[in-house]
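First comes one chain, alone, set out as structure tokens in the form predicted alone.
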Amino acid sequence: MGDFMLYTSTENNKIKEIKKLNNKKYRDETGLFLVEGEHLVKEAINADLIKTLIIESGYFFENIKNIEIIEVSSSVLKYISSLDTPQPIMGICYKKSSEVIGNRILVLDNIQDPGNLGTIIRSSVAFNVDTIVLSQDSVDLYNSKVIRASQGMLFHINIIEKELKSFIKDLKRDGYNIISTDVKKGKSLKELVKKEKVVIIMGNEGNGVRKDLIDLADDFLYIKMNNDCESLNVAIATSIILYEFDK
């Protein structure tokens, strides 16, 4: 692996600091987060967002220039990891600082399930969303389950967090067509007229889009489905809508 210091104690201050990155508060304070596994580490390296590599002693990974590398024992790796079965390589990554860009904006209102958010991020990359905007009460983007569910795609898309009501008002003034999902007033995807600058609002898993955000919308959509199915998972519904808009 190389001539690096080997950390074998969970009482080491550096190891304790790394462990704290499993907590949102510390991630917010430091602007750092953890990824686990070779695939996610490589995605982070390609995005130039890796600060430190954490590698289990005996595991081979090609040396990367200008990146700190530390070796740890299996017990230390297990202590740091959020997984039941830790991966032999982890990375400490920098958070991206981003602002809204592009003409295709996806707004997510109070998404709570990390698997849903990760899946939505993957679909957003696949179907050419320019920016994802998270409400401030959504699940943390850097939650380990979100990162794994995104399969590293969070490194490939612009994602920001905003207070949604005032932000959507700003987008309306900038000429974006605001579209919200709505079961009662929604048009089918085929009926909607696609415009160049568009914002799609998707809502919470149980409650949908908040009324004060629906009231800001210029148009509404609804996915027609078999009457035997009452509703779709928000990640599935978002993926269908983004696919249709990308045609």
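Numbering starts at 1 and follows the sequence shown. Source: prediction; values computed, not measured.
Just so you know, the form predicted together with another copy of the chain exists too; it's not on screen, but the next bit is about it.
In summary, among the residues 153, 160, 139, 171, the only one with a non-hydrogen atom within 4.5 Å of another copy of the chain in the model of the complex is 153. When another copy of the chain is considered in the model of the complex, only one residue from 211, 190, 184, 65 comes within 4.5 Å through any heavy atom, namely 190. Among residues of the shown chain, residue 127 is one whose heavy atoms approach another copy of the chain to within 4.5 Å in the model of the complex. When another copy of the chain is considered in the model of the complex, residue 123 lines it closely, a heavy atom lying within 4.5 Å. In the model of the complex, none of the heavy atoms of residue 13 sits within 4.5 Å of a heavy atom of another copy of the chain.
A residue is said to contact a partner when one of its heavy atoms sits within 4.5 Å of a partner heavy atom; residue 9 fails this definition for another copy of the chain in the model of the complex, lying far away. Here the chain stands alone, but in the model of the complex its contact with another copy of the chain, taken as any heavy atom within 4.5 Å, falls in 115 to 123 among 75 to 83, 115 to 123, 88 to 96, 139 to 147.
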